[in-house]
Ligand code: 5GP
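This document starts with one chain, in the form predicted on its own, laid out as structure tokens.
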């Protein structure tokens, strides 16, 4: 399959008509025995998994027979997403097609977010990238990147529509989980009239939003509740940080997880409990992921563009939500965040 010239760099305003056409041609041109590999980013969240699995079910309805989905790192799926339709498509990274005919990446702003699976891009016959991060590096053969989309599932649904795949409840479930997680249950700034229109389309298939919200947002082991209490108890408020807009941060170690017998993914929801701090525009949770290695989640209420902080420190994201991997002692990681907030990322409050 041939990738369209000029589609290697994502457009600032969203995918071009040529990029959409090239993506449709890549899928429509698959042979009957073609192998398709879907990949999302390391430590997958609801948007990554929901978009990937929802789109995968759409491809299966389109007649794609040899189809795998995977993500880098341990194959353990976070508990809130283990019930998602399409999980049967998932394989461990070591079992993924080594040289697929088509690879499709979801919700990854750069090749580094694909970990050990990044080599599939060079081995694949063609590659598509579906994403909504403004910091996307344009690493795919054909890039469908819309920085104005509330979630990658918006882009995924756009491609399914252009492929003529009708929505059913199973496909809609994954796309809805993706949409609700990246909009914070429709509370974040990315929630637009178009977001609600998409949600209405998905709900019209018969999915039950109450059940989905309970499973994704409102179910947590008691050990995680105790862990959250301990980690929140060490939260630190720095009102003068970020040029007076304020920073609140906390951290969790691997020892914390072990003491409460919890997997690392339970900490992903912790940022929501920190970001509600009234005195700080920027919130941060630093989670130990290895020896002297930390996964950093950043959130902003609007006065600070945290994607610029993350990019400056080797990561990426959006104005209101971003992240990066920090290395070294905890004090050094927090210090680098303070410095980045001070030197190069402040924007006027809208």
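What you are looking at is a predicted structure, and each value in this text was computed from that prediction instead of being measured. Numbering follows the first chain given and starts at 1.
What follows is about the form predicted together with guanosine-5'-monophosphate (5GP), which we do not show.
The candidate stretches are 292-300, 32-40, 64-72, 51-59, and the one lying within 4.5 Å of guanosine-5'-monophosphate (5GP) in the predicted complex by heavy atoms is 292-300. Not displayed here, guanosine-5'-monophosphate (5GP) is kept clear of residue 308 by more than 4.5 Å at the level of heavy atoms in the predicted complex.
At the 4.5 Å threshold, heavy atoms of residue 286 stay clear of guanosine-5'-monophosphate (5GP) in the predicted complex, well away from it. In the predicted complex, guanosine-5'-monophosphate (5GP) sits within 4.5 Å of a heavy atom belonging to residue 321. Interface residue remark: residue 268 is counted as part of the site for guanosine-5'-monophosphate (5GP) in the predicted complex, having a heavy atom within 4.5 Å.
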